[in-house]
Each structure stands twice: as structure tokens, then as C-alpha cells.
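Before any questions on binding or motion, here is one chain by itself as C-alpha cells, the form predicted alone.
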């Protein structure tokens, strides 16, 4: 079959599928129409808010005149590929978000284990406190860090009193440690919520059998519980890493570490206006996120875990 005949056959199949979806005659076709109706709002929203802006972003990254969006040029992509500063920003982003993700997921395992394996007094309050940062904008998280670790921060002044040092020298809110704390505080609840769902599926009878056979609590966790929650750990790592890449408000206020979101803001600011370069960075960012998600999901082999 030639390419033309194959294309014609594909078009006829698509037309038949659309026709039977609009006017179903069998139960299978009616089910297909229900699925289409339920999914239509999402795809309409994705088209308007996602695919069309992405197409515009790709176009802007290829313009010769970024002000009037005219002409065609690979200049932005050449700048992105040949300028060392952008590679430095990409590396900064990957190691910093990767480290914040690792710490957040490790803490999330501990918190989820405590919430699911022990009877805590005031458990609802604990869950509310753990999940609270999800509702906070990144800017608010940044101000919380300043209130704690800034020059007049509570922790800074407490350490100054205890050590006799100067608060000005001890303030770390706008150092990389302050930003890292803000990231972990924002990402920890996301990891914990995913891991709690995984812990609910753990085979408690296998844990009890291990304990009966003489295994310690640590051995039971390492050999029985941890393998069962592994898909949840991978799912939590994927979710928190993607969320960490998207954090902007916190890094905008603290500005102690140049990451991709701050770089895009810099490229679109007055004084360094490079919308074509910003668009190219945005395209790379989206492609990386999609590829990372697909690769990561290959390690999630438990259908009970979803992102």
C-alpha cells in the first residue's frame, strides 16, 4: 500500500469513528460517545490553555524580530546552545531541585510511615499541618523563610543570642540554605500525600509475619515495607521534582540561586528583553518535563499509584 493510499485509509477510519461517535448504533459506540463527552471539556481546555500557547511559544522562539513577531530565525536556539550561562542555569536547576526532591521524599517516607503505622493523638491536626504548605503561594513561603532566617528573623536572633554573633552575619534567608528550606517545605506535603496512598496498600499480614519470624522493626521496614512502597516513592519523586522545577514565587523573592523559572523571568524583564530566548527555554522546559514523566512512569509498576 502506498503512502497516499495509507493516508486515505486513515482519514476514512477517522471519519467513520467520528460519525459513529456522533450517531452511535451499538453499546460499544454509545460508550465511546460517553467517554468523548466526559473528556471533551478537558481537551478543549488543554487546546486553549496548553497546545495553542505552546504553538505560539514555538513560533516566538523562531522569529527574527521578537518585538513584532516577524520573520524566521534560529538565533534564539543558537544563543541557547552556545551560551555557557544557560547551561550553568540548567545544571543549577537540576542539582538543586533533585536534591530538594530527594530530601522531601525521604522526609515524606518518614512522615507517611508515622501517620499510617501509629495511632497519633490529634492525627487530623498533624495531617492538616503537613498538608498546609500546599495551599501557600511561593511568595508567602519566601516571606516565612525571611521571618525565620532573615536579619530580624526569629531563628537568626535566637542563634545570635546563644552564640554572641551578629544577626547580620547569621542571616541565611537569602542564602542558598534559606531557598533550599523553602523548597523542601513546599515539596514535602506533595510527597507525603502520594506516599500515604501507597502505604494504605501495604500488605500488613506480610509485615506481621516478618515480625513473628523475629525480624526487627528496621528489618521489617527494609525487607517488607520498603519494596511495597517503592512505586509510591518513584511517583512521589516524579511529582515533587516536576513541582520543584515549577516553583517561581519563592525563588523570585529570595533570589539566592539562578534556576530556570527565574531565568525566564529575567529574559522577559525590562532591560534584558529576549522573548525569543525565553520562549526557547520554555519549549526545552516542557519537552524535558514530558520526557522525564514518561521515563519516570516506566518505574511505577503498581496500578494503585497514580500521579
Partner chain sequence: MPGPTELNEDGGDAGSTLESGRGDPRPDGGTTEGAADPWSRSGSALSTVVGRPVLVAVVSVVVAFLTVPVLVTFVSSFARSASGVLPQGFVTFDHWLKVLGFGERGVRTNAIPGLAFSLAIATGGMVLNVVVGVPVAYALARYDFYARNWVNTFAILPLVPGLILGIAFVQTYPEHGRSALGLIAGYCLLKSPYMVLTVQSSFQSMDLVRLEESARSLGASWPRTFLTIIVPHAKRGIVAGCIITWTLAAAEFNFTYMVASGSPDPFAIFLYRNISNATHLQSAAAVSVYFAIVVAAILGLQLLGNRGFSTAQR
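Positions refer to the first chain, counted from 1. All values derive from a computational prediction rather than experimental measurement.
Same protein, other form: the form predicted in complex with its partner chain, not shown, and the subject of what follows.
Exercise. Looking at its partner chain in the predicted complex, do all three of 117, 252 and 289 come within 4.5 Å of it through at least one heavy atom?
Worked result: Every residue of the spot touches its partner chain in the predicted complex.
For this session: Using a 4.5 Å heavy atom cut-off, state whether residue 208 contacts its partner chain in the predicted complex.
Result: Yes, residue 208 sits close enough to its partner chain in the predicted complex that at least one of its heavy atoms falls within 4.5 Å.
For this session: Could you confirm whether residue 185 comes within 4.5 Å of its partner chain in the predicted complex, counting heavy atoms only?
Result: Judged by the heavy-atom cut-off of 4.5 Å, residue 185 is in contact with its partner chain in the predicted complex.
Exercise. So, in the predicted complex, is residue 239 in contact with its partner chain at a 4.5 angstroms heavy atom limit?
Worked result: Although its partner chain is absent here, residue 239 would touch it in the predicted complex, with heavy atoms inside 4.5 Å.
Exercise. Quick one: does residue 265 come within 4.5 Å of its partner chain in the predicted complex, counting heavy atoms only?
Worked result: Although its partner chain is absent here, residue 265 would touch it in the predicted complex, with heavy atoms inside 4.5 Å.
Problem set entry | Region of this chain that lies against its partner chain in the predicted complex, out of 77-85, 90-98, 109-117, 227-235 [heavy atom, 4.5 Å] | The contacting stretch is 109-117.
Problem set entry | Residues within stretch 37-60 having a non-hydrogen atom within 4.5 Å of its partner chain in the predicted complex | The stretch 37-60, when checked against its partner chain in the predicted complex, contributes 38, 39, 41, 42, 43, 45, 46, 48, 49, 50, 51, 52, 53, 54, 56, 57, 60 at the 4.5 Å heavy-atom cut-off.
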